[in-house]
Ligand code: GLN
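The form predicted alone is given below as one chain in structure tokens.
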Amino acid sequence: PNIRQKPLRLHGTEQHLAWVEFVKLAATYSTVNLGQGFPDFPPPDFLKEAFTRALSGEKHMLHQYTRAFGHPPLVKILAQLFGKLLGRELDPMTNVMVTVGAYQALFCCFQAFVDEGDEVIIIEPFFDCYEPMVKMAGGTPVFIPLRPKAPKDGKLMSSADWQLDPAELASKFSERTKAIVLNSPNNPLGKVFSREELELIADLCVKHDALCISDEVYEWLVYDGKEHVRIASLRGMWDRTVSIGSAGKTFSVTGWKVGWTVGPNRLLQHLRTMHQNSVYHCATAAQEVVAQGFQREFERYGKPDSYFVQLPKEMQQKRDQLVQSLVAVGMKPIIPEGTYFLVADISEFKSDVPDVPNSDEPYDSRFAKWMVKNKGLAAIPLSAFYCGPHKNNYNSFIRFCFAKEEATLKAADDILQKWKLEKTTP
């Protein structure tokens, strides 16, 4: 029978399966996986203990359904904490919705707000699901790149050196623009957008009556005393912003899949419709434990024993350790201001992996495959974070994840040191 099996809205979304290929290669060949963004160290003891108590305690209703839009203790503490951070009173029932990880929050946003023909502005490099999710909602992604500015005096580049061109950004907005997706701190670069950069975006959103989908999953992972500014706190932005967060990134429990959205009821009501008619409900016990984690952090906010204070300190040390390893072998890291990730320039390695002229596959993709097969070290090519036509514009960089135990980072350093010896020994 002549049945069209694949709906039109899924056309053009298959190239994102490249990501799956790198995960598979890492599982097959790598001895050290710095590719995917998950910690291989344990979550904090207070959270593991809370989880054990939740599962083995007397509260047997934690094994059953809870409120569909978020377990009451969790939405209450999220409203308290984010109300404090945004400087406004939040209603836990209408201004917060819990999702199956930040990933489902993103999916709900695109499905709820994007109509056929709507344009959604995506800043490159971008977390790879934004593009297919916009297309699956019937929207058209419009891309604008962060452009690197060369650092002074031969210093290492910082993620802050990658910036939007204000005139170019303004030119992407039109009457067709439904939303812009903001990811700060940014995966893969680790860029933390400054207040001035966010004000530029906010002014354009207000001028063109566009929404802002603000993916802030790395909000607590900011280094060198940098400030994470929430765009929803800027003038004119609360009413047009959905802020997205993640317990996985906040408490180092990526497998729990607890995320949330915070925003005005006029936007969240549409997310609730999407959520109710797709996933409907998130795991009760995981929400209970995340609520207890946030309660603890709310009481210790800004104090030295707060996990939100300790984790970025530890992560900054891991970042610096990986930077040293990469510099020693001749890769040029771009120092990230936040996140789990660090992008490194691999231009010096073309002698190891020669370029193939006129190849469809970007250089960094072939390099990453060669590196995992021949050196046992897994990373992700930066071109995976660009749209098809732009993949070859930034194809001499790879992304490493440094949210790893000391032993993992040491093993990566061993591979790099051995590689350096092989390069220098005739």
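Counting begins at 1, following the sequence as shown. Bear in mind the structure is a predicted one, so any value in this text is a computation, not a measurement.
We do not show the form predicted together with the ligand, though everything after this point is about it.
Trainee: Exactly one of H71, H275, K249, R319 has a non-hydrogen atom within 4.5 Å of the ligand in the predicted bound form; which residue is it?
Mentor: After the contact test, the surviving option is K249.
Trainee: Quick check on this chain: which one of Y223, Y103, W220, W162 has a heavy atom within 4.5 Å of the ligand in the predicted bound form?
Mentor: Flagged contact: Y103.
Trainee: Identify whether the ligand in the predicted bound form is within 4.5 Å of every residue in the set G37, F127 and F341, based on non-hydrogen atoms.
Mentor: So, yes: the whole triplet contacts the ligand.
Trainee: Given that the partner is absent here, does T241 sit within 4.5 Å of the ligand in the predicted bound form, heavy atoms only?
Mentor: Answer no; every heavy atom of T241 is more than 4.5 Å from the ligand in the predicted bound form.
Trainee: Give a yes/no on whether N187 approaches the ligand to within 4.5 Å in the predicted bound form, heavy atoms considered.
Mentor: Within the cut-off, so yes.
Trainee: In the predicted bound form, which of the stretches 390-398, 29-37, 43-51, 58-66 has residues with heavy atoms within 4.5 Å of the ligand?
Mentor: This holds for exactly one stretch, 29-37.
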